[in-house]
Every structure is written in C-alpha cells, then in structure tokens.
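The chain below stands alone and is given as structure tokens, in the form predicted alone.
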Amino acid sequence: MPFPSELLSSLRLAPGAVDLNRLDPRDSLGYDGDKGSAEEALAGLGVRLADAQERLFAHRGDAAAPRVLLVLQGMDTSGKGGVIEKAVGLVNPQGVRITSFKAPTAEELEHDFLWRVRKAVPEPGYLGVFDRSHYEDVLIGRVRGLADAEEIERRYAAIADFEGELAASGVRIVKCMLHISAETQKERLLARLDDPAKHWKFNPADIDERALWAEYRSAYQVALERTSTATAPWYVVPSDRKWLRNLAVAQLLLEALESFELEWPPADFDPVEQRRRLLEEDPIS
C-alpha cells in the first residue's frame, strides 16, 4: 500500500527552527504496512512513475517544457544511492541526469560555488538528480571551516535565490534530507567492512566525518531552516528503514511528475497518411 497523502505531506518541513533530535529516523509515519507491502507498493508505483516520466521526456524538444530536480542529502550511508537504485531506477534512464558533487576542482574553485551547479540543472523534459548537491557547500563548508562564517551566511541566501529562480523557470524541486540515526550509520558502516563485496563502498574518511556527527547535525539544522521555502521545501525522510525511505521518496517524485498533468505531445505529421504509406509504399514489402 502507498502512503496516504496526509502522511506524505507530514514529511514537509514546517517553517521555523529545526530540531532533528525531535524527528525520529525510525518513524513509521503511521504507515500500516510492513517491508513486504512497501516493496510491493513501490513496484506498483513504478508503472505510474515510468508513465509520468516518459510524458515529461516526450516534451524534451520544447524549451518551455517543465523539469524536475530531485536533491538528495544525508549523512554517509543514509541511502542516497539506494534511493537512486530503487526509486529513480524505476524510470527510463534516457530521461535522467544524475550528478554527484565531489570536492571542487581547481577550475571550479575559481568560480562562485553555484557555477558548477548551474551547469548540472536538468534541461527541459528531463529528471535531474543531485546525489549530494550545492548543500555540501554549507554543510562541509561550515563543519570543516572551508569558508568563513560570513561566506556561509551569503551562501544560504544565494541558494534560496538560486532555487527560486529555478522554480520560476519551470523546475519542480524535490529536496529530501535522508534522516538516519548514528546507531544505524554505525551498523551500515560495519556491514560494509564485514562484506568484501561492499569494501568498495567504504571510505576510511567516513569514520573521520562520523566523529563530527554533532557538528553536522547542527549544520543540517541551520541549512534546512534557512533554505526551506514555499517553492523549494525540504522533506525530512526517516531513513533507518530503507524500504520506507524508498517508498516515501518515490511517492514524492511521482507527485512532482504528475503535478504537470502532461498530455502526450501532438504529432507533427499526419499519422493516417504515414500509416497508408507504410502499408502501400513499404519498400521492403
């Protein structure tokens, strides 16, 4: 069973101060189903997701076509890759553009922090996914002191303005903070260390970052509070349960895609005439 709409809307961050300690990463959000039913519901959503995304992709030649940008943020092991595989993976990859923002290159450091982000914004008709995003510049930047306090403050405002511009130009922004507990992160890191098939997922630096859990929690709270707007709200998704996380993000994505109510674009040819040609003038017949 999918989430009832009122439960899904409860993920949307309310205006005001943010205290992640009061949001339970294992919260079921009142969902009555179990893992099996959630995975079944996710598969069912795939049909609607694929249809809605294909309708969007069919309009890619139209400069005025809408776009969707899914922003995924969260601590290490929160499930950004899992969401991309299980939820985004339900749609046609031809119409998806996935970008993961790593440490900026020397060229990127010569420009404003949003320079490289603007280049990755999805084109009309496409679904874009940011696996880590421009928010790294106010999260790691704040925690690791990569920018001074005045610059970090400027970036909050710059991000809000940037996302406002995107929304005004036809981009539907879905920002998901994948909220996990420190205990769950430890379990997932241990699972990576204990399984040779998952060693490639592990980075020793993850332990260094984990030592700064409280600092990152504080940085997230400020970023969420300062950049959750009417046109680009944050959704805080409980992510200790992978199956609930995947279903919730898939439904948020579906809601965004279906909000356009897109019809199939009309043909720029006469289908009846082309059918006649195929039947009567087929050179292979």
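Throughout, we count residues from 1 along the sequence that is shown. Under this definition, the rigid core comprises the largest set of C-alpha atoms superposing within 1.5 Å between the forms. Note that the coordinates shown come from a computational prediction; the quantities given were computed from them, not determined experimentally.
Keep in mind that the form predicted in complex with another copy of the chain is not shown, yet the notes after this line are about it.
The closest heavy atom approach of residue 216 to another copy of the chain in the predicted bound form falls outside 4.5 Å. In the predicted bound form, at least one heavy atom of residue 131 sits within 4.5 Å of a heavy atom of another copy of the chain.
A residue is said to contact a partner when one of its heavy atoms sits within 4.5 Å of a partner heavy atom; residue 199 meets this definition for another copy of the chain in the predicted bound form.
At the 4.5 Å threshold, heavy atoms of residue 145 stay clear of another copy of the chain in the predicted bound form, well away from it. Annotated contact segment (heavy atom within 4.5 Å of another copy of the chain in the predicted bound form): 76-84, selected among 106-114, 172-180, 76-84, 148-156. Contact annotation for the candidate site: 15, 22 and 256 all lie away from another copy of the chain in the predicted bound form (no heavy atom within 4.5 Å). Along 49-69, residues 54, 57, 58, 60 each place a heavy atom within 4.5 Å of another copy of the chain in the predicted bound form.
Put the two forms on the same core and the Cα of residue 21 is off by less than 2 Å between the shown form and the other one.
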